[in-house]
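Subsequent text provides structure tokens for two forms of one protein chain, presented individually as structure 1 and structure 2.
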Structure 1
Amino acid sequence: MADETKPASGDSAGLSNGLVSHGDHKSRRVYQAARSLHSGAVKDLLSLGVCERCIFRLVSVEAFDSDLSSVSASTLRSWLESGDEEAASSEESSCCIVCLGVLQFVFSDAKQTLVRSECGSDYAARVTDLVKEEGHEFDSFGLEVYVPATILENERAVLLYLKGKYNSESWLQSEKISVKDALKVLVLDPLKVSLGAKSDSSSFQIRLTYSKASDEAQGASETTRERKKRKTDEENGSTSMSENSFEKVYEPCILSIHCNKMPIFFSGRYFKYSRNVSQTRWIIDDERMGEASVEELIGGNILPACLGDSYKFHAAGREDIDVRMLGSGRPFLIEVQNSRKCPSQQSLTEIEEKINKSEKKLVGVKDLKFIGSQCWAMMREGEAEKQKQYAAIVWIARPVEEKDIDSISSLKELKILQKTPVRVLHRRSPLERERTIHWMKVEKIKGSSHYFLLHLCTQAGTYIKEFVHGDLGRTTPSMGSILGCRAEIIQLDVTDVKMGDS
């Protein structure tokens, strides 16, 4: 019977009269397992139209494993059929009533062409081609499989039927592996080989989604009557597979492949040199406010380098459109969705230079680099506890005197109460917020007695403009109330955003 020296191909379709030559121990194991299945059940299921691998799944006592992957369906069939030595059926097998072709390695692709594969590695090769089209670079992947709900329902119907007929059989009692998991078992190893990657619960996911061909046309699954019938069948147990308890599907499923890479992050510090650039894209009534946005100037340069789908911009705090960001820069993160490749540090440096050397000089970037999961901790560092430093040009209604300079500089850890500024009151809660001005320094400006340069270091969340002009008296004390006259702020610049160690 066995010719053990023959090379292992596992596939013996074509050899004469059902006699099998199995060159490796894997196929032999499968053969032996096939021969050991309950022949009555096998015959029943075959005549119902259940495919070979599903029969293995449902009737076998042993665990369903990857050895089955290399055995073709027709070979399996010949091993399953009772030793009548019938020739392996050469007819095109119809769609399995349970797995709808999924475990038969049959599917329709996007162009509605039927794709058949004999074994797991063949199937893996087809999937690999489709994955490669998405263009991702990866060295490990996770596999997800989605199948239509009908498969679960049909399987339940078949199992019920089996239970009705072979109630107490031992092989019926064990837990049956699902179609989804069975497919993963069959194709994971061949996929690893043909993709050249490891498998883990990694940042790169390949999703195989099977959907019913007829769903496209009708969009309906079970009718209410069918559902009721199924329920009563479940209660009573049925010895026959009635027409209405499962859905007949004649066409194999459509397989669509989607690859998704988890978001990757880049960090850095940005400078804003323009008073007409907002931090994020700002559009009112279809019109853009400002000339450009920091978000687009930076993200728009990183996204193409990653070949990603989209990006998100996160910054440690924000400043108004008319406030420049100078000094040490403000920390930010760029999150890229579904990147196809990860740019090297060299490319990142080039992007940084490109932004910094641009003609308009609206925005600058420093320390642009790839960052891993610690990115959020870094961002949170820049939040509530931190101090911010500013420089403002202030006008007052009377000439600046020496005593003003002294009185302002002497104020340390000044506590102020700020009601929500009128300019943001429409979208923020009306609250009274206590803030601290840590220190202030006044510098006279040459050639002007009413203006001076005010340096100040404040608690995060302080509204500087309102501290200077008083916001109709809703911020106290204010620059005006301290100096006893009206004060206005002409321009504001952020000169330092203190973040932990940097």
Structure 2
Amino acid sequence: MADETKPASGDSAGLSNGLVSHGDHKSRRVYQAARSLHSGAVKDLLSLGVCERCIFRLVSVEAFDSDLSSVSASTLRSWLESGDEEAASSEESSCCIVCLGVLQFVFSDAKQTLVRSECGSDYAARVTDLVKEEGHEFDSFGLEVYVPATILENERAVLLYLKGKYNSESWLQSEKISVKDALKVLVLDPLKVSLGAKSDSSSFQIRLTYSKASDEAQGASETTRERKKRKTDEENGSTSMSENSFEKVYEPCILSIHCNKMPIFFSGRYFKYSRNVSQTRWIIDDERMGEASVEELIGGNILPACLGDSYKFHAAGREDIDVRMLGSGRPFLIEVQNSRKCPSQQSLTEIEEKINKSEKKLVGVKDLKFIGSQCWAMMREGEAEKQKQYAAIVWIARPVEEKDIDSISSLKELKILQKTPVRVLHRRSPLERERTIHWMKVEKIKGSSHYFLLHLCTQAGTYIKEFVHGDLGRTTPSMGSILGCRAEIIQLDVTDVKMGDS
């Protein structure tokens, strides 16, 4: 080349062999792009230890091209240095001072083994093998890339150097694609082929996380003095590229691959037949409260079928551990994180039968099915409108009279005020809430003059136990104040939970 300060000619005539003279269209395009780069800047960056693909990122005026992934680093270097493929050095390139090996398809794996790939398709094949080990079922994927801050800092130092030396060049004014976005350009198409899946804003994400090799592995690290000197050079606009201009890196990054699927949801209604089963796992001072929990008995059966990492249990309200959930059951959701498969409806039916036929009959399930993520909003909307029905055995301090039954049954849409109950004050704010008792009905219990069965329908959020005994005057009116005597609740069952229009 006659003048190193001028861009080299894009004419490929004169090359007697190699990919360009007899190669495919992609290789020819990459070759022509390489020959169009500013030769002086290319030479400077190569001497600094910047890799071939980073040079294309930083010097080219054209968009970063995925075709670069199909050409090996040694071929790219030969085209950048002399245009003659046969002139390529047989030595492997050292770790790039900017991308730390990311765009060279070089990394250390979890076992600290150095892994090199010649091109994007080889790299994609390695990633595919690791993804398939996770066992996920998917037909589309999204790709996320994370790189260490050192890459950004070193790139800033290199660009500062280029601006000081080639400030008037038009290619320097264009926006530069980041290392992580460049990697996506290079490997996305090969990944789609090797995974047999399309790429979109999928619920399934493949995350490539590059982290800087440890200081011990590198054998050296940037000192505080060197770091300060490098930052001072940047602030002062220094154009010299000294050993302190960028953080020293001697080994490629460590790559870890993590696959994650957005949560999937299952809905249904549960029944709780035991007065010794909590809704969720309840541990106090390392001691379990109750025999089991609804959460574990249902979620523990669904999770293995999904091959997920974990699950969360959500319900439309809750009942105390000593309260049974009967009638039509309480609506619930099971949210499974990072599921590797979605069980069929037949599998869900089998899970439902397994729970319902369990020997101890602690809980039951119905209408178990897969449902979209919009179910969460639907449950919240329905919960605000829901009504709940109960059946309670009540004791009063005097015999029940016919007028008591008539008095209670005649009350409709009764408004009550409830302060936060004493029993939950330690975990809930001290507030006063207005609630509605929609209707009540009384049944006598044969042979028990002081006991009766109270059926009632209330607004969501009503404390039934406190409505019966008054909670030291914190709920008014109460069953005790209505009857003019002491009243206590003996047993309580939830018999229906109505969500919205249900």
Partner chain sequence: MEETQNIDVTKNPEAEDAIESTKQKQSEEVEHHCDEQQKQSQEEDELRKLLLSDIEELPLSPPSATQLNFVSYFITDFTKPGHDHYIYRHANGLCVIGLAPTHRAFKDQGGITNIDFNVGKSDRSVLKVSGKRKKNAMRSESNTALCKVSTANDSYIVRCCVKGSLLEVNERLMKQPQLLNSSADREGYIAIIMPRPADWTKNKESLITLEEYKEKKQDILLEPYFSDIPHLRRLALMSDLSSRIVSQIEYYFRRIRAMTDDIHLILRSMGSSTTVEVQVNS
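Here, rigid core means the biggest group of C-alpha atoms that superpose within 1.5 Å across both forms. All residue numbers here refer to structure 1's sequence, counted from 1. Here the structure is a predicted model, which is why all the values come from computation and not from measurement.
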message: Just verifying the output here: the form predicted in complex with its partner chain should be either structure 1 or structure 2. Which one is it?
response: 1
- prompt: Core aligned, does the CA of D44 move at least 2 Å between structure 1 and structure 2?
  reply: no
message: Please state whether E432 has a C-alpha shift of 2 Å or more between structure 1 and structure 2, with the rigid core used for the fit.
response: yes
message: Is C119 displaced by at least 2 Å at its C-alpha between structure 1 and structure 2 when the rigid core is overlaid?
response: no
statement: Cα of S481, core superposed, displaced between structure 1 and structure 2 by (Å) 2.9
